[in-house]
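First come two forms of one protein chain, each written alone as structure tokens, so that there is a structure 1 and a structure 2.
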Structure 1
């Protein structure tokens, strides 16, 4: 036994000396004391974690020691084909389609889409007939899309800047006209600052996750558009839903959130109300003063999407804040569309300086997307100048909207959920009198479950049947020289709830009142002709 110990003693001495040398070399490294404290604390709190980290370190060292570039020189893992075999394999290969093939109904709908010759304005020329048609399909509310002054300014900007740098705004994509448009929007709305996004759809879906994180609370309307739905999903926040455009339901949900927090003794967290000014799904309009009252009372931040109300509502197109005479600073994040409201491109978020600067480093669509072309920024600024100097444009738009409602409200076979001043008018098919309409069925008095995006006793619609009838109306109106469209939806569960099929009329001030009445009367006749077949 003594002889064995004496034989191994030099080995133990060498190992001890080596460990001592490594330890001394380790402690001479900068930051070694911090690493030592971390290892001691980690091992003391969780010894299993130390073992796991050692295993991972060994695997990393083993991976680094292996040669990744060493080729298999003998080629045992490869099959050598002749040129003839390669050609045969290529001929036999059939690529999978990128998308699902169109259904017969989709093919028929696509073939019925009209082709426009030349610019798409309020009265475009159709290729198949060679005649002009009244355009109630394009979102050209104030006629800025056909403004010659804006067109010339855009051409001048194109010649000066080109089409843009194709770089992100925070890197090398921003030029002076982008900053000028941000200042113009902030001054126009009466906010401290504004930030531009290059895509309208990604604006709200980027603003929401920039502020709302896991653990935060979002209280959202059940009828919000797809872009807001995506933003809420990306945020991974706790979501509570209130009934569509029902502020009494909103207050009940706000109260339930506070009761739940007190019951769980949870700490206060950031809380947001997310809704739209004018809803894309049905054209309904929110009561902004009541909304401000609730968000102030329950201490929430308000994210308001004015995509369809900015540039179309209010005396000069400033949106709901101008319509209701509410200071814009009372809305924490005010989102609008430069593409729709100003007929240019992109979107914006207006608010305080802190709100805007936070997005410049935390807004995904701002940080990672290329800036909009400078010509679109100039078009947006010129559009604001037109709205400032010509409030009669908004008066003409509202006159045309009222004229359309006066005609459509007398049609028995349809219902219109849109607000009387909304520039988009949705048309639903009224259910036959001999069937029980979902809205007239017995409705539970119990409130909806705020955790579910679906309301209690959600109505069920014959989506396929209504889509088919509405498409017939669209084609009949087009045959009579009026372009209208169905509201486009993503079916098959891609949205949190199935929106009811509808025809969406986009009113414009570029048509006179007489032309608007003529076009809407054509739509009325098409509705009566097609829907009367059901009886």
Structure 2
């Protein structure tokens, strides 16, 4: 015993010596006295706290040491395997094929997609038939596609700027013509500023996550298009859904959110209403003044997707704000498509200076993508000039829409969910009388559950059957010289809810009223022919 203590003697002295050295070094540090005093006093007051803090420090160090790519070995569910077992498991594992090959039906549908030979326009020549057809499929609302003046401007731009911008906006991809188009859009709509994205579809999917973060609240329409669904999904915000285009349901949801927040005493977070001006899914239109009223009352910010209403409604095509005479400044983030509304390329988000500047650093599709080709930006600017200077285009578009409705409204085997001034007209097959159509179904008194994207008593459709019938209509119409298309969807649970199968007509001012009537009559005949066969 004695000998053991004598052999350990040098070890003890060494430890004692090093502790005193460390202590001295510590006291030599400036400010060490303060730390010491703090530690001592806190230990005196609450010895448990010292332990807690030590544990905290250890945890912090551990977290810092773990790299992002670490193997997840410490989880409860980790099972230890020997190398040999792993080899066996690797050999055993057979992955599913990367993708399923197309079914014959899908293949038929894909090869039936109309392809235009040469320029697209109101009467393009089709590859499929080799003949020209009236075009009620492509989105050319104001007939800007093929405008000679725009072509001329595009060529001039090509000769000055080339095609690609060869860089993201942050790194020498901001060309003066982009800034000009941004200014033109802001002036046209009457907002402070606007920002350009290089693809219309990606615009709103990027705007939503730029502002909505985890913990924020999004109240969205149940019938929004895929781009918005994806933006909401990636934002990881808390989502509440209101019934499609039903502002009363919206108000109920807004009240319930407020109640929930008060109950939990949650801090104030950002809150957004996300909806569309004219819905891509069915052509319904939002009552903007009422929406603005609700948003102001409940202090929400409004993200409004005007992809289908910008460049198609309002006296000069400024969209819903012009139609309802609401100042565009009241819409916090107004998203539109340069590709669809102005027949060029890309999309935009208009709003206040803060809103726009924020996206220049935080909008993923803006920051990480090359800016749009300058010649498309100039085409967009010229498109705005055309709209500004000739409001008659919009008037004739409305006339054509009206004419189409007049014909289709008399067809009794279909229903039309679209608003009477929407440039896209969706056509549903009227359900056979023995099943209840959702609009005639007894309206349940209980509101839908705002957490679920599906409404209460979600209506069911025979999607496959209806799609097949509608495809027959499309092919029948094409045989008669009118190009139309089904509204194409991602089926099989890729969207939050299955949209009802429909045919989507896109009206254009480039056809005269007579031509429109002729084309829509062909569609009507095809509908009647195919759908009467069904019974």
Partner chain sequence: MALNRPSSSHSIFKKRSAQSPASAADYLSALSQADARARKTSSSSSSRSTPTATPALSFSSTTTGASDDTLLEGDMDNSDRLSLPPVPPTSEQVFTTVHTEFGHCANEAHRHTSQHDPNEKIRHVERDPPYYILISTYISYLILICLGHVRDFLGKRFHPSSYKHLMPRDGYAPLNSDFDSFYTRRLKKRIDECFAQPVTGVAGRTILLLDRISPDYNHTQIPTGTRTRALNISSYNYLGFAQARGGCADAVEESIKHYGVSTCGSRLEGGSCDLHTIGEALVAKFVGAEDSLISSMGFATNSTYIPAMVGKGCLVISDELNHSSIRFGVRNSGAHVRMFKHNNMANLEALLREVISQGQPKSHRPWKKILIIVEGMYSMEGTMVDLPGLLKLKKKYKFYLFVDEAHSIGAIGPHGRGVADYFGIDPNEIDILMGTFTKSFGAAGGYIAGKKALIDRLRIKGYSGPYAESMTPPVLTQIIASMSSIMGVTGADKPSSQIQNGHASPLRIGNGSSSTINEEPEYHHPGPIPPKYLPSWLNLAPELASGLEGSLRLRRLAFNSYYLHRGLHKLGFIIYGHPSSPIVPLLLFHPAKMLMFHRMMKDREVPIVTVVVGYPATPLITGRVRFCVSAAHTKEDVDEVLRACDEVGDVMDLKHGLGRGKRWDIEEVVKRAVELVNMKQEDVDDA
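We call the rigid core whatever largest set of C-alpha positions still superposes within 1.5 Å between the two forms. Because the structure is a prediction, the values reported are computed rather than measured. Numbering follows the first chain given and starts at 1.
Problem - Structure corresponding to the form predicted in complex with the partner chain - result: Of the two forms shown, it is structure 2 that corresponds to the form predicted in complex with the partner chain, while structure 1 does not.
Practice task
Answer yes if the CA of residue 32 moves 2 Å or more between the two structures after aligning the rigid core, and no otherwise.
Solution key: Result for residue 32: yes, a 2 Å-plus shift.
Practice task
Using a superposition on the rigid core, decide whether the Cα position of residue 514 changes by 2 angstroms or more between the two structures.
Solution key: No, the C-alpha moves less than 2 Å.
Exercise for the section: Please check if residue 51 moves between the two structures, taking a CA shift of 2 Å or more relative to the superposed core as movement. Expected result: Shift of 2 Å or more: yes.
Exercise for the section: Check the Cα of residue 130 between the two structures on a core superposition and give its shift in Å. Expected result: C-alpha shift for residue 130: 4.0 Å.
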